[in-house]
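In the block that follows, a single chain appears as structure tokens, in the form predicted on its own.
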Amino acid sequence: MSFVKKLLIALAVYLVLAGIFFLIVRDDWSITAETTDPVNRDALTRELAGETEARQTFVPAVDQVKLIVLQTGAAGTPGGQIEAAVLDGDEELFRTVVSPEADGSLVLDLSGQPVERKGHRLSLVLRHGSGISLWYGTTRSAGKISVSIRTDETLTVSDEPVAGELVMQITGVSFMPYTRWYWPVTAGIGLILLALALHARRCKKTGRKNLFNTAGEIVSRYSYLMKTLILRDFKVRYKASLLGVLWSFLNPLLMTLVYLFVFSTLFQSSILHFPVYLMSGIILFNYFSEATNLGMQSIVGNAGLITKVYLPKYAFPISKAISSSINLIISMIPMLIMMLLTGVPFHKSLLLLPFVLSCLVVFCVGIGLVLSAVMVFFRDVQFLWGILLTILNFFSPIFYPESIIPAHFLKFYHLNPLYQYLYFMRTIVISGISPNPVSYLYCILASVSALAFGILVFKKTQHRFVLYL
């Protein structure tokens, strides 16, 4: 096949994939609805009667605030009204008079006059409450665990400060300009790929070395070896097993049942679709643990072959990550079954699963290359890695909600690459939407950085392997 034909086929595939991806993310990248998590009910304020008023400051994180729901102590008590107003300094943005619902909730419907003051410090003023009091708190729910909140907002009742904030839930929408830039960015990426392809073609004709040509030659030359190693690893894993590959189904199911038994009373009440939430975390972490452990042992475990026959050493850790990914793909089937059993709807966002799984596999390849190289020189790394995996297991939101992490630690918590993969997967599986482009960027950067670092470490050390094997 001529180069021009290959180029045209590649262009057609690129445009088709770009079009499908746009159809999946178009709505989610244009506008998104958001709802805040309220604090727990800890105590009631003084009754709002006469000149007594409550004033709560808040900063909207959405472009339009459309609904504010508070909780009063008037549950089951008919009658009574509260005058509510939203202020930006001295400017009045919204005013209404409402009565508590039968369950005690106070619903302020701003949809007819949405507040558009994102990032501004606003004040919610409540007065003339006919003796109605409001719930406030200092903790946030994480199942049956209460986490103290840190807030810069203030709550006052008749100008007297109250320790905590109102039990208040804000619903609104944010407008995102991502779709506006989608096709220009897609065209730019396409032009860059075209330029790289033409450069690689020119280098091949002139006999100059090029990264893409070299990588293509290596893949072509050793594809049979890689295929053999991957099939060998997969077959050996279940060789003496009675149930064989069925364990790829049973393992995540059984582990999910165990975790459900242990943690359902703690976290299930605060996590939407907890069984699927739990299973997705178990599947991703199990793959990470298995792929990196096998990759770490890949060079040392094949010492006899490496010291006697010339083979590309990087093939061993890479084949371990890929062979483990077969189990990862099979494990997706019981998760889909769990979605059916627990009523989690299937959305078009599920088509994004290959992206996050591919990023995770590339990430594990990079980590496996580093561990396999270090393992040759320091055998103690296998014990240290086991400890680190246990730490990562507890520092990743596998069986608990992110809300139990103190707000001032979240920036550091989000640096964990496993968190980004878990967040991405649960967003497309449970929430049924596409994450914003920043999440895609995080996943890609984590994978590429790990792979580049792994290649660098492996390349610098592989010529000394035979001295220590």
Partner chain sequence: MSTMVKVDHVSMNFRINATHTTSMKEWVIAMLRGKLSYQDFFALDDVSFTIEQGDVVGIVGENGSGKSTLLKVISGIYKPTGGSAVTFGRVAPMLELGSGFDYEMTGRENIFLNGALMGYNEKFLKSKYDEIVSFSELEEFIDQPIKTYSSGMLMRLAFSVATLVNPEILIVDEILAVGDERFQEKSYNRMMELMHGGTTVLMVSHYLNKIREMCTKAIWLNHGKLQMMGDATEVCDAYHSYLYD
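Positions refer to the first chain, counted from 1. Keep in mind that what you see is a predicted model, and the values were worked out from it rather than measured.
What follows is about the form predicted together with its partner chain, which we do not show.
With the partner omitted here, the stretch from 377 to 385, 338 to 346, 274 to 282, 358 to 366 that lies within 4.5 Å of its partner chain by heavy atoms in the predicted bound form is 377 to 385. Candidate site formed by F22, S325 and I329: none of these residues places a non-hydrogen atom within 4.5 angstroms of its partner chain in the predicted bound form. In the predicted bound form, Y310 approaches its partner chain with a heavy atom inside 4.5 Å. Using a 4.5 angstroms threshold between heavy atoms, N393 stays clear of its partner chain in the predicted bound form. Contact check for L7: no non-hydrogen atom falls within 4.5 Å of its partner chain in the predicted bound form. Taking the partner from the other structure, its partner chain in the predicted bound form has no heavy atom within 4.5 Å of any heavy atom of L294. A heavy atom within 4.5 Å of its partner chain in the predicted bound form is found for exactly one of R95, H128, R121, K227: K227. The single contact residue among A195, A102, V236, A163, judged by any heavy atom lying within 4.5 Å of its partner chain in the predicted bound form, is V236. Along 289 to 306, a non-hydrogen atom within 4.5 Å of its partner chain in the predicted bound form is carried by G304, L305, I306, in order along the sequence.
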